[in-house]
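Before any questions on how it binds or moves, here is one chain, the form predicted alone, in structure tokens.
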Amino acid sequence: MGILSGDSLAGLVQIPSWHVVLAGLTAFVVVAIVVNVLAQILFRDPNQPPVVFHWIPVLGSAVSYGMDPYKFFEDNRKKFGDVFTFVLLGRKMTVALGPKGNDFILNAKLSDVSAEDAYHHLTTPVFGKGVVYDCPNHRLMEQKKFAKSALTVQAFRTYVPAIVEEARKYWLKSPQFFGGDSNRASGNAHLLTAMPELTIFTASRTLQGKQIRAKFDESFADLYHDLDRGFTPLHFVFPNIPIPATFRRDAAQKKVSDTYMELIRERRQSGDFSEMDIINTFLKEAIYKDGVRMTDREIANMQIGILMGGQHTSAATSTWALLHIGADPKLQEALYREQIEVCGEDLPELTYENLQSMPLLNATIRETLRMHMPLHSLMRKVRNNLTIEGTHYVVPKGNYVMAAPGVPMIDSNYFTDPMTFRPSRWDEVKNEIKVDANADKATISKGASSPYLPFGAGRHRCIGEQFAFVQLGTILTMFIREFTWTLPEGRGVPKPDYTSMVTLPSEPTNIIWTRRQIAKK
């Protein structure tokens, strides 16, 4: 008898063939599915909200939710009511629909639910350390106050002419429009290309000043595009997954933050804080209540968050608005006539006060936001067992709760004929949403229990609402002055595409534009 050599052992151990491995994997999957189904049937906790049935563990309802969140919400509301739970890539999400659901989640106590716990792993690699959701909530609230101090009427008055100038420059240079030919009279523009570019150019110029805006003429816009690709459902689950998009995101974050740092150093060295922009506001005022000053790196990172926070939503909203206006020639002409009535027959340079005097323009923006809420879902992570008001249900600590403010905005219980784009429903604006069944007029409230919450509610309500109306109003006004446009023949307004973090139109999003005679003078 001898000792078996390594080669001899290898000869005795037979490696399973591929079909044996496949059979084993199949058996594992089948067992996992069976166990998952039995757990849902046999071990349902009556004290927790009903769970949407799903076959595959971990994946849960991710596919049906991701394809069309509003259909998913409506289908399950019919089965379970306004409160139910579904599994989203291993996370249990309890949805609370309707105005009461919005109020329950968005106005919940900080000790019970946390936006920071829900989002920090997604946003921190993009924005950077020490800001937004990568800091305690009381710090974030103070950061928002610093930013809000720059969003004043005085600032808005300077922003309007700056946005006008940027729009004209963009049209002249962009191949979507004049392409350098100032005499070009008509063309075809792809809005999903044009509007993200135009909104980031106008936002950077107004909010952050000429120096930062100038950098977008080089490679800065591409870097922001790489940052944008860090906001995907995949990154929400696996924030540091080693794929090219992640590597580009991380490189872009460092480069953009370093660029802001360079500008901050220049301003500190020169002592010139005269320009009315948010960077200077932070340099002068960003001292917390406890006396701690924001570091320059945190200020730099905050600029990324400020610019990206509104750019996504404004680009989407302006795209939807232009599509709806293009599909309705009567509305388009009415918006043009409104400008002439407010500004004068020769359409002099636009002012902030002009925008406030155009009710149809502002109603068109409100109606766009109503039908196309940019963010279809808002999440919070549960910090303590949370009892859902008016029920016996308890959401366990560690689960998530989800509000869907867009659901009541397209609900016939609150808006007559909700899937019809009709700005006239906003003719009367009062202190709270009501629907007049005879006149079909709805009004706005900022309370979390309102059916109309395009900017959210509660402590995380968007501080950029007024700026959004200035930016969107100015851009739309200039489009209406410069062009008439239609959608391609035989095509209506596209359906929503929910595959990105912000609700965008599905393809195609082209408009056929022609310059107005007034613009050629």
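Keep in mind that what you see is a predicted model, and the values were worked out from it rather than measured. The first residue of the shown sequence is 1; numbering continues from there.
Although not depicted, the form predicted together with a small molecule is the subject of the following passage.
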Contact flag, T317 vs the small molecule in the model of the complex, heavy atom cut 4.5 Å: yes
Partner proximity in the model of the complex: L487 to the small molecule, non-hydrogen atom cutoff 4.5 Å: no
4.5 angstroms heavy atom contact with the small molecule in the model of the complex for P374: yes
Touches the small molecule in the model of the complex: P496 (any heavy atom, 4.5 Å): no
Among the candidates I463, A32, A39, V58, the residue which, in the model of the complex, approaches the small molecule to within 4.5 Å (heavy atoms): I463
Region of this chain that lies against the small molecule in the model of the complex, out of 374-382, 251-259, 188-196, 167-175 [heavy atom, 4.5 Å]: 374-382
Contact check for L207, L369 and G456 against the small molecule in the model of the complex, heavy atom at 4.5 Å: yes
